[in-house]
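Before any questions on how it binds or moves, here is one chain, the form predicted alone, in structure tokens.
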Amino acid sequence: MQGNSQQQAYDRGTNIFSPDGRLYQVEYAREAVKRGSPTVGVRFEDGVVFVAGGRLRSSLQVAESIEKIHKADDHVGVASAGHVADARQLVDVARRQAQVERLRYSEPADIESLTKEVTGYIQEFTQAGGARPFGAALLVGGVDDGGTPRLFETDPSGTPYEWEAVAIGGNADQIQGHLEAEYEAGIDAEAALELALRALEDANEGGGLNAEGMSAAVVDDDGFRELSPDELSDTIAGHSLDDEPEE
């Protein structure tokens, strides 16, 4: 019984380390991310592509109300997996910091610095009493002032990681395996978008993709641009990745 009560103490305390050096609440937050719909980010020669899966809870739900890809600034996009409400709070942090950088230095925010501001905010919730970690992970990507594309992942622990291609959310390991096998440096935006879609389709065990509920965006030298539902649907069908049965 004593062992169980000690275990519960580590479970309940967001800022209490277990004897083996683990923060259970952070690990539970990672599990919350894994239960979310998958999101993929792919860096290409001139920018970054985001593709996010989504699930409609009902045929009456408006697909456009599912927001998983956001514009943080003209040159920065943010995509999420996990608890949407938590993710929106972190997106707001990124947006505010991006504006602070513009007002303070009269130049766009550096992608790496912006990501570290967000992860610094996340980390505070792993050591403060009376708060819980964020049950969301973000992909922060865009183009630096010098034209260099950057893509970062944030973890519920508050750790940033830089990637060339990465998946977060449900089936992330399987999607990541596809990305690692197929990614090539120097690809263009169209190839990056196809790679992200094929990785999602592969994790769907060949069941095909349905653009309804999904979203995609491209960030390059021309800025942030989200694909319309028709564009995304046409792209999926053009690569024969849709879930329409063959005749």
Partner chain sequence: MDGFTSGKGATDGAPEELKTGTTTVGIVADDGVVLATDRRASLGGRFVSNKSADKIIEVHPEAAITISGGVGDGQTFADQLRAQSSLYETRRGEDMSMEALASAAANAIRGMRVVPLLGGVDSEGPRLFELDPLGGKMEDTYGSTGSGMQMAYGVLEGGYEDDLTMDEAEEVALDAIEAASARDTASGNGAMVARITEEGIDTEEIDAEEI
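Keep in mind that this is a model prediction, so the values were computed, not measured. Positions refer to the first chain, counted from 1.
The following text describes the form predicted together with its partner chain, which does not appear among the structures shown.
- Shown here without its partner, the chain carries Ala32, Arg35 and Leu56, none of which come within 4.5 Å of its partner chain in the predicted complex through any heavy atom.
- In the predicted complex, its partner chain sits within 4.5 Å of a heavy atom of Asp73.
- Contact between Ala85 and its partner chain in the predicted complex is not found at the 4.5 Å heavy atom cutoff.
- By the criterion of a heavy atom within 4.5 Å, Gln127 is excluded from the residues contacting its partner chain in the predicted complex.
- The closest non-hydrogen atom of Arg132 lies beyond 4.5 Å of its partner chain in the predicted complex.
- From the list 115-123, 93-101, 166-174, 152-160, the contact stretch for its partner chain in the predicted complex under a 4.5 Å heavy atom rule is 93-101.
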